[in-house]
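Okay, so here's just one chain, in structure tokens, the form predicted alone.
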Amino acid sequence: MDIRTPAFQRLLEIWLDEDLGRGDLSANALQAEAKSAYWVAKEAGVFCGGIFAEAIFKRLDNEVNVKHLIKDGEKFDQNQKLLEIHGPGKALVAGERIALNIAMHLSGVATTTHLLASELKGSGVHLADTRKTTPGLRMLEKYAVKCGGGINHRLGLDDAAMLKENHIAWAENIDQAVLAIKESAPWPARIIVEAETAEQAEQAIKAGADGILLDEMSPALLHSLVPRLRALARTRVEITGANTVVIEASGVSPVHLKDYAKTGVDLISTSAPITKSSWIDLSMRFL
């Protein structure tokens, strides 16, 4: 992830303004010379957030030096050292809580993603995230999903067009809705249709959708439906030359991932890595 973007720099300013306000009232108690500290894990997990921690400390004082003992996306054990930090003491104490909060949350997301993605290992099916993210933290949480071994679904409403149940209910029909998007969206944009029935899924493929999201359908139904959708997609390619269709299962309980992986879908999307994960406990200790 590129932390030099204006979007991330704005986030950085918001975080620091929230915690520092008009200044750290305890800073004057510190001696002026440089200090050293390190991060240690209180439990095992998958690390995420080191690059953001460094950006936070350097934004406070460019003299801070951060040595990464582990990279984002790597597993760590309990009591393992993660970072070593050296620089002006005022910057270290001012950035401590903000940096730890970000890393603990994102490491929790990455750890949960890793556990779920491991259930799909060897199946050829990818675990994808959703737009159920914390407002203001979407790009960070989706980065954490990637660090944990998942893949990112669309980042926002302007990234890909997804026709959900309300769109379908309020449109004339799926054919008309897909056509309206094709006529108005930029040419690289993909169109995904959320289908709640087999009939909707088949109609969406015939209408020219690039992706079909099969919502809250049982593995038993998908075992019979997915081959039919693949056959329809092949026919469409032969007739129109259109791209093949990506088939996605959603509304899936994490405990049933292996069952859904056997149905022939390409993706399983879930909000669980972000909405169900717990923070990983990390600590910053001063020398």
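For clarity, every value in this text was computed on a predicted model and none was experimentally measured. Each residue number is its position in the shown sequence, starting from 1. Take the two forms, find the largest set of C-alpha atoms that superpose within 1.5 Å, and that set is the rigid core.
Separately, the form predicted together with a further copy of the same chain exists; it is not shown, and the next lines address it.
In the predicted complex, at least one heavy atom of residue 246 sits within 4.5 Å of a heavy atom of a further copy of the same chain. Residue contact with a further copy of the same chain in the predicted complex: residue 44 places no heavy atom within 4.5 Å of it. In the predicted complex, no heavy atom of residue 255 sits within 4.5 Å of a further copy of the same chain.
Although the partner is absent from this view, residue 210 contacts a further copy of the same chain in the predicted complex, with a non-hydrogen atom inside 4.5 angstroms. Residues of just one listed stretch (77 to 85, 110 to 118, 126 to 134, 197 to 205) have heavy atoms within 4.5 Å of a further copy of the same chain in the predicted complex: 126 to 134. Residues of 1 to 33 that come within 4.5 Å of a further copy of the same chain in the predicted complex, judged by any heavy atom, are 1, 2, 4, 5, 6, 7, 9, 10, 11, 13, 14, 15, 16, 17, 18, 19, 20, 21, 22, 23, 24, 25, 26, 27, 28, 29, 30, 31, 32, 33 in sequence order. With the core held fixed between the shown form and the other one, residue 44 has its Cα displaced by under 2 Å. A displacement of 2 angstroms or greater separates the C-alpha positions of residue 30 between the shown form and the other one, with the rigid core held in common.
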